[in-house]
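Starting off, we have a lone chain in the form predicted on its own, written out as C-alpha cells.
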C-alpha cells in the first residue's frame, strides 16, 4: 500500500471519470506522457509536488509517474482539494497523495512533511510552501539533495526572488509562472474565467449592471477584468503601480484608489499577492450587501480579522462558500470562500485546456533539470525558451492552427540586424 492520507477511497470512480474528462482537453501533456512512457527520464528519481489537487494536476502527476518517477503530492491550498481526485490518484493510478478538502493548518503542514520525508530530488510548488519548508527546517539536510524546483504561481515567485536577493536560496528554481505560455494564458484566461466562475457559483449574482472592483492589474487581474466587462459589468481597477494603472486606464477601465472605489462596488476581488488590500477603512464605506472575494494565492489579501472585529454578528454559510458579516449599523458584507482562492474554493479552478500548457511546462522543465543533473546556479531561472516555444507550437497544432514560417531570405535579414551589419 502506497503512503497516503485522503478523505474517502470510495470516491475513486468519480475521480477517474473527472480526470479522464480533463485529459480530453490536455493534448500537449498527453503527447509528453506518451514520450515519457517510452523514455523514462525520471527512472529512479523522487519528485514531491505541492499543488492544487485537481483533475488537471492529476494528469501532471500521471505524466511524471509514466516518466519513471516516484511521486508524492500534497495540497497547496486547504480548500482546493478535490477529494474524488485524491482517491483516484491513490487507489487507481498508484500515486501517493496527502490532501483532504478543508484540512486544518496543522494537517496542511503535516502533509507537506509527508511529501518531503522520502527525500525528493525535484519539487513542484504552487506558492513555494515546499521550498520554504526546505529552507526553514531542512537547510542542512534535505535541501542539499534538491536538483531543482519548479514554481507555478506569481506569489511563489515573489517569495523565491526575495530569497535570492537575500543570498539564501539553497538550490536552483525555475519560474514556470514567468514562461510566456503560462502567464499570458493561464493567468489571463484561466484566472479570468475561473474567478468569475467561482463568484457566480458562490452567489448566483447577475454581473451585468453590477460594479466590479478589481484590485490589481497584473495578468490575473487583467483576465478577470476582461471577463467581468464582457458580462456587462462596470469595472473599476485599483493599483499601486503607475504603469499598470496607466495600462488599465488606456484599456478603458476606471482607475481609482480603493478608498474611492469602496462605496461604489457591488463585487470586489483582490488579485495582487500582497496583504490587507481591503481593510476596515474600506469595509466602513461599502454598500450593504457588498460581496468580497480573493483570487490571490494566500488568504491574506482581505483583512478578515479586521472585519470580524467590526462585525456584531457572523452568519456562517448563508450559502455554500458565503459568510455574512453584519456590522453595527446593520450593513452586511459577504466574504466568499473564507477569503481563499475563490476560483478553487467555490469552483473547479482553471479549465483543463489552459492548464495543459502550464503543466506541459512543469513536466518538460523537470526533465530539463534531470538531464542537466541540477547543474545550475542557485538562483531563479527562466524556463528555457525552446521549451516555451515547443509548447506553443504543439498547442497550436492541437487547435488545428497553422502559422507562417520565415523564408531563408528573412532569416538572413534578421540575422544581419542581430550581428549589427
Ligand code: NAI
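A quick note: this is a predicted structure, and the numbers were derived from the prediction, not measured. Numbering follows the first chain given and starts at 1.
Keep in mind that the form predicted in complex with the ligand is not shown, yet the notes after this line are about it.
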Could you tell me which stretch in 196-204, 98-106, 305-313, 267-275 has residues with non-hydrogen atoms within 4.5 Å of the ligand in the model of the complex?
267-275
In the model of the complex, which of the listed residues (111, 227, 72, 350) lies with a heavy atom within 4.5 Å of the ligand?
350
Of the options 321, 174, 283, 217, which one has a non-hydrogen atom that comes within 4.5 Å of the ligand in the model of the complex?
217
For residue 77, is any heavy atom within 4.5 Å of the ligand in the model of the complex, or not?
no
Counting only non-hydrogen atoms and a 4.5 angstroms cut-off, does residue 182 reach the ligand in the model of the complex?
yes
Residue 240: heavy atom within 4.5 Å of the ligand in the model of the complex?
yes
Contact flag, residue 344 vs the ligand in the model of the complex, heavy atom cut 4.5 Å:
yes
Taking the ligand in the model of the complex, which residues of 90-115 have any heavy atom within 4.5 Å of it?
none
